[in-house]
Structure formats: C-alpha cells, structure tokens
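Read the single chain below, which is given as structure tokens and is the form predicted on its own.
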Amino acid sequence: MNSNNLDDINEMDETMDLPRVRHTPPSRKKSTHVLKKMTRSALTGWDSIAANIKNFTYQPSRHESEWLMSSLGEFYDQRWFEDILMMVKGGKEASVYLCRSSVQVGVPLIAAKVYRPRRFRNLKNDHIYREGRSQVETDGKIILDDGKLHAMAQKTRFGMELLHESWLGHEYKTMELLAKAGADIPRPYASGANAILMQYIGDEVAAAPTLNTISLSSTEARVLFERVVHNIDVCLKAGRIHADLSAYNILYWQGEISLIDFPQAIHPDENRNAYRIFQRDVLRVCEYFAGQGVHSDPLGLARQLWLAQGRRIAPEIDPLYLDPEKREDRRAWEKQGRS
C-alpha cells in the first residue's frame, strides 16, 4: 500500500432468546414508497409503532419519525421495547436512542443504534475496510446469492442497498464475536436492516460519556489504559481489529470502559493494511492516555501485541513470485525470514 492510500485510511454475553428481526428495507424519501417496499411483517411493525409513536417520551421531527418507524417498527412489534426515551447521540452515520425495554427482555433499558438513511452516510474510502471481507446479511450470514453479489459489485441501486445492510450486518456479527470472546463492549441483542439493539451503558438521566471527555486520576488512568490494551489484545485474538479506535469510541461509566462502533472492523489476516491500521488504533489510544499521565511506547506496544500471536509485521511473500537470480528478490525473502 502506498502513502496515498494511508492518507485515505487516516480520513476516515451471549445473544438473548428473543426473535431476531428479519429483513426490513431502509427508509425512503416518502413513506408511501417505504410501505410499498416493506414485507408484510415489516408493515405490521410500521403500523404498530406509527399508532403509538405520538405517545413516546421522545418526540422526533416528522422526517425523523418516518425514519424511526421504518427502522424500529418491527422491533417494536416484537416487543423489544415500549418507549423511546431520548436520543443519546446523533451522528453522521448513525444515531443512538435510549429505549425502555419490554418486560421479557430482562433489562430495563436498551440502546437502539439506527443508521442514517444511506444518502446521508459517508462511505468514502470504505473499500479500505471492506478488503478481504465477506458480504453479509443483516444477521451476519454470508451472502452467497450470485445475483446479489453481482448487484453489489456493480453498485446498482439495489446493490448499494445491500452494501448498506452488509455494513450493518458486519458490525452486528463483529459485536457477537467480541462479546463471546469476553471483550468489554455493549452486548448485542438483535439486528434489522437499518438498526442494532444492544446493551445500554448509562442510566435514565445520562448515557455513558466517551473517554475523550473524561479527566482521570493518574491511578485510574493507568488501570484503564491496561484494560483498553487488554481489550485490543482480546479483539486481535478473536480475529478483529477495531480500525477506528480512539478515546472517542470508548465509553466510560462508573470506573469501567466499553469499546463501541465496529462497522469498519477488519480481520487481521484478510486485509493487506491490517498491521498499519492496528498501529494507528494503538497510537490513538496511547496519545489519549499520555495526556492523562500514562506514558508508553505506542509502536513498540503494537509490535509486541502483534508478534505475540505469531503474526508477521510484513505481508508474506509467496516464493513462487520470486526470482532467485535477482538480488532484490533474495533480499526480500531474507527480510521476510527476519520479520
């Protein structure tokens, strides 16, 4: 990968036994168009939430209301939640809402991460993170249908919708994987075509703030730094690199941390830029904690974590592509042996 591509990079507990939401299309400009495109099950969810949204604690604007109904209607119909209490976070790619869950969920509050309609999402340079990644449905299952794969490759209108859903499905699958591995993340509950339900970190008054807004004592900073590094290692062992990790994507609540936002996560063995992306994650974390009085060697730490799992720093070179008569090829092979 050349330096220009690196510039592109820099721009950028178990699941509950409740029914998983099936496919529902993302919202459109007009609700009538949405209704024509929705399945019968999704339409039932739309009608159900539409009839009750005026009674919710949180009152969205008209446009936002249509977006929430199309994204969360089926969750509501399946009784995952009974009220939307407030918007926790509004973002360019997704907004997070605090919901009061239904009794059968087993916890009083859950978070709903609702992706922005595709036309509002910034997918610039997403090819860097999609490299080597299987296209998946919203429930994390790999797409094998040739027609769908062709539409995604050609980036037709239908293909772009599938790419949007695959982005979300990848995040849900990653969260399931990391929760099972023991990482400190919000537990994922269910996914739909445009939203993910997950564990809520915080209380009814306020959601957990991100770590970048917190000033820590020297003692707590050291403890949390070690915990974040532990989580980076857990993720790496589970076959994931966050790929956008910083204090802005780590929640702090009552002395504990939770890593969030995984749509761009990559597999360390399936992306040619994996190690350099991993280095960037470690560097950003170390930069924050340096400001809190915890000094470290970011590049040395990244190297240590990477090599500890038997991974190579440089991509492996297939000897079939080397010419033993060429000095530069022999040097490349020797250098790989020393990495």
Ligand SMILES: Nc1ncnc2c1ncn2[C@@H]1O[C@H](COP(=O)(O)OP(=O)(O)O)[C@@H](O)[C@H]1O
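Everything quoted here is computed from the prediction, not taken from an experiment. In case it trips you up, residue 1 is the first one in the sequence shown, and so on.
Just so it is clear, the following notes concern the form predicted in complex with the named molecule, a form of the same protein that is not shown.
Checking I84, L109, V229, M198 against the named molecule in the predicted bound form, a heavy atom within 4.5 Å turns up for just one residue: M198.
Screening L177, L224, A243, I260 for any heavy atom within 4.5 Å of the named molecule in the predicted bound form leaves a single hit, I260. Only one of 99-107, 72-80, 199-207, 229-237 places residue heavy atoms within 4.5 angstroms of the named molecule in the predicted bound form, namely 199-207.
For the chain shown alone, K89 is a contact residue for the named molecule in the predicted bound form, at least one non-hydrogen atom being within 4.5 angstroms. When contacts are judged by a 4.5 Å heavy atom cut-off, H170 does not count as touching the named molecule in the predicted bound form. Using a 4.5 Å cutoff between non-hydrogen atoms, P268 does not count as a contact of the named molecule in the predicted bound form. In the predicted bound form, the named molecule lies within 4.5 Å of some heavy atom of A94. If you check the named molecule in the predicted bound form, you find a heavy atom from every one of P186, Y248 and L251 within 4.5 Å. Of the residues in 72-86, none comes within 4.5 Å of the named molecule in the predicted bound form through any heavy atom.
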